[in-house]
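Have a look below at one chain only, the form predicted on its own, in structure tokens format.
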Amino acid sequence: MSFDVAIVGGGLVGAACAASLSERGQKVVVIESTGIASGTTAAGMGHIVVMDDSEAQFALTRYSQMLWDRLSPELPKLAEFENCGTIWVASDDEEMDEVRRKSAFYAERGISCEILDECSLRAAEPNLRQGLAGGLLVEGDSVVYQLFATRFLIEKAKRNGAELIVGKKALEIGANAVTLSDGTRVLCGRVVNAAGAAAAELSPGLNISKRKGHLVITERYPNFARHQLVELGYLKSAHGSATDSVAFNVQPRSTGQVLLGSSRQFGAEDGEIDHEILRRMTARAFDYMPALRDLSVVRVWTGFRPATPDNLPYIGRLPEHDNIFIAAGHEGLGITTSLGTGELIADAMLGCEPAIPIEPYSPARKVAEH
């Protein structure tokens, strides 16, 4: 078997790379060891959100969000794409200062947002507890059911001639071939390592660590929550690098279900539910939305997300390897940034001018531990 590009990883990032490259005429194969969207992608919440931790993060999330908005009319109903907006919830005056900072940052860059006081926050989300200081409504954010979105992109790539190898693990990435667990060598001109939490195993120079997360989904309770709701303290927990953390993060699904996060654990290697972390996560949620206590849960699950020290993914050519490219390390923003990543990888591989500078995400960059 010989291809222009072999993509290792059948999650949303790998699928986006396959769709972008095949659309530009490349003969593509996607290699996935277990099942499409079965790894890191399944551990996400499907939030498509503009972020402002850095200019580079903003550029990639905003670019990707625009690509999602452009793609949304093509997505099947099962992908559950919905422009529900995000409310960043402030619990006190100090966090309201952060609301005003975020609002100014977004407004300067053309992002529509609205500062909410306590009364308007309660009007927007009646199930939030009384006494919260307010929040920031970012109207352009969306949610998507990433499993079906991934399958859609894979099918789109297949219509452009891409092939799929499922059930065989990539053991080694070489300059012009990927060696599989059954000994097969898939010959290719270039390789994209989009293996999520396993990316560093195939490209050992990558500074990627696994963060374990828990998710909870409820029965159907239409209109219980109307927006993606995230506490401003989430940013602190998401960027910490030493201790386990939880934060309030609730997402309404188009099915009427409520998806609840979030937790982050370091050094955890098994996928078992950690009941103490789950207790802390739900207690945090109950503090913001007491009525969550009355909802029935359908499922609890865990997954691993690939994180980098500076909270930016690796996108681009691997140093000292002319034919190996990396699309990994997206941590909690892989759903949002998948489409932008796919376009940037295709641009880099084919020598095209990218829509945004790719240098901040280069695998060659030096990153300092936080």
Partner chain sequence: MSEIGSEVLVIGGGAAGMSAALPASARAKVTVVDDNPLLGGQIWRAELGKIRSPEAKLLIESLEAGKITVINNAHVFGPDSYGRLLAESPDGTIQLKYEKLVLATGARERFLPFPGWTLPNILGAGGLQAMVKGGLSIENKRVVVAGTGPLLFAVADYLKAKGAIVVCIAEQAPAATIRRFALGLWRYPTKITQGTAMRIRLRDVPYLTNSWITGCIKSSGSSNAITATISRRGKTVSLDCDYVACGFHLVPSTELASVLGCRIEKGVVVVNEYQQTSVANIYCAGEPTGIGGIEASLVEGKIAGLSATGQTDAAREHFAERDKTRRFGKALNSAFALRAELKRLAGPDTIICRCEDVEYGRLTEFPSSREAKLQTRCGMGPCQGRICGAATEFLFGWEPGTVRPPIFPVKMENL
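Numbering follows the first chain given and starts at 1. Nothing here was measured: the structure is a model prediction, and the numbers come from that model.
Missing here is the form predicted in complex with the partner chain; even so, the following discussion is about that form.
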Location of the partner chain contact in the model of the complex, chosen stretch of 313-321, 332-340, 50-58, 298-306 [non-hydrogen atom, 4.5 Å]: 298-306
Arg185, Arg159, Arg226, Arg293 - the one with a heavy atom within 4.5 Å of the partner chain in the model of the complex: Arg293
Counting any non-hydrogen atom inside 4.5 Å, which residue from Ser91, Ser103, Thr282, Ser209 sits next to the partner chain in the model of the complex? Thr282
In the model of the complex, does each residue in the set Ser2, Val28 and Asp347 place a non-hydrogen atom within 4.5 angstroms of the partner chain? no
Indicate whether the partner chain has at least one heavy atom within 4.5 Å of a heavy atom of Glu114 in the model of the complex. no
Applying a 4.5 Å heavy atom distance criterion, does His275 contact the partner chain in the model of the complex? yes
Quick one: does Phe148 come within 4.5 Å of the partner chain in the model of the complex, counting heavy atoms only? yes
Any of the heavy atoms of Leu67 lying within 4.5 Å of the partner chain in the model of the complex? no
Can you name the residues of 78-92 that have a non-hydrogen atom within 4.5 angstroms of the partner chain in the model of the complex? Leu78, Glu80
